[in-house]
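Taking the form predicted on its own, here's one chain by itself in C-alpha cells.
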C-alpha cells in the first residue's frame, strides 16, 4: 500500500501519491484560496488529494504538511497565512475522508526532513534547514531525527531578534525575508533619488527586487546585499547554537544564489568565534523545489506508520 502526501499552504495546495518505496507516482496542485470559508478550503484540499489516489485504492497512511505551530497535534491552531483558522482539526478530516491514519507536521520541519533524506543535507549531522520567502522558518535534524523541542515549537530562526540603531527590536524575517526585501526597496525609492528600474514598476515586491538585482540594478543590489548581511547575522546565531554540518537554504529568496549568499558568507566568516564553525560547504541551496514538503510529508507518515 502507498502513502498519500498533502502540502497545505496559504497560497497553494499540493497532493502526491507515493509508492511503498517512496517514489512519487502522481501529483496534483491547486490554489488554496485561503480567503474563502474554512469548509470550502477543506473540501478543495480533499478534492485535490483524491485526484492522485488510484481508483479503488486506500493509502496506508497520509502525511500532511501544514503551516503554524504545533501542527503535530493535527490541528491548525493559528497561522498567519490562514486568517481566522483556530483549532481546525485538519488531520482528523483527512483521516476520515481517506479511511487511513493521518500525521501532520509543520511545513519547515518536514522540508528539513526531506532535504536530509533526499536533498542537499543528505546524511549531515546536525542538519539545519531554513526557508526564506514571505517569512523565514526552519527545521533541524539531529542524529537522524527531526528535532522539534519540548512542545514542538523549536527552530524558528525568523524570530531571532536584532536591535536597530533607532532602538527598535525586530525579527530576522523583518530584515531578510522576501517581504522585507520588498519593503526595504520601497523605503529607499521613497527616501532617495537613486536611479532604479524599480521606479517604473506599478508594484515593488521581493520578487521584483530580486529580478532587478539579477539585471544589475544598483539600488536593488544594495537592498539584496543588506538582506544578505542580516541573514548572515542570523545564521551566525544558528551556527553557534547547533554547530551544524550543513545549513540548507530553501524558499524563493534562495533563488538569488550568490547575490544573497555571498554577503551572508562574509558575515559568517567575520563573526563566528572560531573558523572551525565555518566549513566551505556549510551553506547549501535546497534541491527538492516545490516537492520538498510533499516528500517530507510522505517520509513523516512512513516513519509514523507501524511496519
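Only a predicted model underlies this, so the values are computations on that prediction, with no experimental measurement involved. Numbering follows the first chain given and starts at 1.
Absent from the display: the form predicted in complex with another copy of the chain. The rest refers to it.
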Applying a 4.5 Å heavy atom distance criterion, does residue 155 contact another copy of the chain in the predicted complex? yes
Does another copy of the chain come within 4.5 Å of any heavy atom of residue 103 in the predicted complex? no
Residue 169 within 4.5 Å of another copy of the chain in the predicted complex, heavy atoms: yes
Does residue 148 reach another copy of the chain in the predicted complex, with heavy atoms at most 4.5 Å apart? yes
Specify the contacting stretch among 257-265, 27-35, 53-61, 239-247, defined as having any heavy atom within 4.5 Å of another copy of the chain in the predicted complex. 239-247
Considering another copy of the chain in the predicted complex, which of 202, 193, 80, 163 comes within 4.5 Å of it through any heavy atom? 163
When another copy of the chain is placed as it is in the predicted complex, are 16, 74 and 302 each within 4.5 Å of it, taking any non-hydrogen atom of the residue? no
